[in-house]
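Only one chain is given next, in structure tokens, and it is the form predicted on its own.
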């Protein structure tokens, strides 16, 4: 008889997260002995302690704790090591192993956007770091705009062109991605409207990491007849990769993907 494993997603906010539905759909349909829940965590420094207190086998991490998750781990593997950002943790014999599945999840999501050579990322948090580093790996030119200078030094060192709202000079972009939480719980845009207007007037495609709603940013893209995507495909892509890590590849990737997709119909 297997012991039932417990997995969770940590975030603030976290009540909107579809991750429990996605992972539980996989576990239930593939008869894998596990359950997945949500944990509303306000203080990222308490992540490690909370993880062990709940007896978790693994976790996903969403905003704003992805950098705190990196600090909470005993060992970092793969792409997460390069960017200092963790969105998936696996408990390996009492050691917390950190991974990042965001970037490859996003690449999966934008496969249909052809010939992306020049992108603009709005925001400078954990998701922005993952995407910036991943795009540069594919020789894509990356610009980053953030409200203030503070968090941009990482991107400068990476080789991105960086701007604050005050210093921004608009360029022609193949893809613009919002990685900020603007529009998640409010009707805010990720930057002042005049800046967003000038950006959207010079781009082919638009994506938002937020899913499950038409954010003000995507609404504006829609009004301008720009092809856009919300974060649902990115969520699916990173979720499949995270689930593989959770079950230590005991389930087939194609099967995980099939039942995760089904969860979006629920």
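Values in this document were obtained by computation on a predicted structure and should not be read as measured data. Residue numbers count along the first chain shown, from 1.
Below, we refer to the form predicted in complex with a small molecule, which is not included among the displayed structures.
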Contact test in the predicted complex: residue 91 vs the small molecule, heavy atoms, 4.5 Å: no
Partner proximity in the predicted complex: residue 164 to the small molecule, non-hydrogen atom cutoff 4.5 Å: no
Exercise: residue 220 in contact with the small molecule in the predicted complex, heavy atom 4.5 Å: no
In the predicted complex, residue 211 touching the small molecule (heavy atom, 4.5 Å): yes
The unique member of 184, 140, 170, 73 whose heavy atoms fall within 4.5 Å of the small molecule in the predicted complex: 184
In the predicted complex, segment of 110-118, 76-84, 143-151, 156-164 with a heavy atom within 4.5 Å of the small molecule: 143-151
